[in-house]
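One chain is shown next in structure tokens, namely the form predicted alone.
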Amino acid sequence: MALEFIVVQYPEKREVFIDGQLCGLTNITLYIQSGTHRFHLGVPKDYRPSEVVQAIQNTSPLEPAAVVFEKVNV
């Protein structure tokens, strides 16, 4: 499998969970294996969607895939 690059976008610094494992922080470039992955930001659940399932492929360090969460008031 190829390495792919992503940036999980959120207005604040948060931990990023990919496929249930802590993998880094928001708003920085992370690398993962190509394929379909589940992303979330853990607790508190002050974001939406609660989870993103996204296929990641054909990325580069200069053009990472964006996984976007927005802040909500709970």
Partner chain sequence: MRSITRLCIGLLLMASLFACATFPENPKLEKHDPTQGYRFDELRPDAKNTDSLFVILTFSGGGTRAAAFSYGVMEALRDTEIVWAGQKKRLLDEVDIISSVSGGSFTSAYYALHGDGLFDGSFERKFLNKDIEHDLFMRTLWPIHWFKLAGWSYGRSDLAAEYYDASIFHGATYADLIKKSTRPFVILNATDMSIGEQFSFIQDQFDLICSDLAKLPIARAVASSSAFPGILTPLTYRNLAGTCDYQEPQWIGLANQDHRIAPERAKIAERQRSYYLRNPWEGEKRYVHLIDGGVSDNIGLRGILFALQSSDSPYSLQKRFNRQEIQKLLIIVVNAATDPEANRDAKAKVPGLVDTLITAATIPLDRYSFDTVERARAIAKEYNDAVRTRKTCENILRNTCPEARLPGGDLYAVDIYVSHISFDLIDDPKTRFDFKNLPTTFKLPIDTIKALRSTAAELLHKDTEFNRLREQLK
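Note that the structure is predicted; figures quoted are calculated from it, not measured. Positions refer to the first chain, counted from 1.
What follows is about the form predicted in complex with its partner chain, which we do not show.
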Should G42 be counted as a contact of its partner chain in the predicted complex, where contact means heavy atoms within 4.5 Å?
no
Since only the chain is shown here, I'm wondering whether Q21 would be in contact with its partner chain in the predicted complex (any heavy atom pair within 4.5 Å).
yes
With the cut-off set at 4.5 Å between non-hydrogen atoms, does G35 touch its partner chain in the predicted complex?
yes
Is there a heavy atom of V68 no more than 4.5 Å from a heavy atom of its partner chain in the predicted complex?
no
